[in-house]
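Shown next as structure tokens: one chain only, the form predicted on its own.
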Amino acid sequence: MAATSAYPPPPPYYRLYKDFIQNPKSAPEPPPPIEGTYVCFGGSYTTDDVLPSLEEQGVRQLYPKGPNVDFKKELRSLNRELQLHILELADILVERPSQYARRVEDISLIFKNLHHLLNSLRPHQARATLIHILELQIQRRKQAVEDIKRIGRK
């Protein structure tokens, strides 16, 4: 029986780092960050963090276009419309089961619009989360300083 390794051998470029402990500048510079589009596992991706519009995705937009969208109002409106369409779908399934496809397409369109609206709020959510984390860090550090001062006075 031949012996096999559970892990493959390291890539050959590990040898470039053999003198790193004695001379840290001997290691090669890291590669530059990827810019633009790239292919990973057969899929094409881009480094541009831009939310494509519904039109670019081939989906009809159910809420007003433009930068001044009232997200709260539009989300509520789409949610009410979704509830109405689900009730209508239930009625159609009881009365005329063969005509359900159009309602399912309408519900799918509403879900896509809701999803797009929520995704357009992600940058705001990320900023708010980051602000909250930083405020907590400041609060913890101030508390640590107060603790150190209090212990120093004893």
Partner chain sequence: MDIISQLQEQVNAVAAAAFNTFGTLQRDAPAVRLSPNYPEPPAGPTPNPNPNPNVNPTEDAANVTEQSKVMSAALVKAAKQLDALVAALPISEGGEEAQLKRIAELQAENDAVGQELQRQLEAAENELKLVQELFSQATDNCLNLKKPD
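Positions refer to the first chain, counted from 1. Given the structure is predicted, the values throughout are model-derived calculations rather than measurements.
Another form exists, predicted together with its partner chain; not displayed. Remarks below refer to it.
- Screening 37, 98, 57, 119 for any heavy atom within 4.5 Å of its partner chain in the model of the complex leaves a single hit, 119.
- Stretch-level contact analysis of 24 to 32, 57 to 65, 108 to 116, 39 to 47 against its partner chain in the model of the complex, using heavy atoms and a 4.5 Å limit, identifies 108 to 116.
- Taking non-hydrogen atoms only, residue 16 never approaches its partner chain to within 4.5 angstroms in the model of the complex.
- In the model of the complex, residue 84 stays away from its partner chain, with no heavy atom inside 4.5 Å.
- In the model of the complex, its partner chain lies within 4.5 Å of some heavy atom of residue 128.
- Under a 4.5 angstroms non-hydrogen atom cutoff, its partner chain in the model of the complex lacks residue 102 among its neighbouring residues.
- Residues from 6 to 42 do not approach its partner chain in the model of the complex: none has a non-hydrogen atom within 4.5 Å of it.
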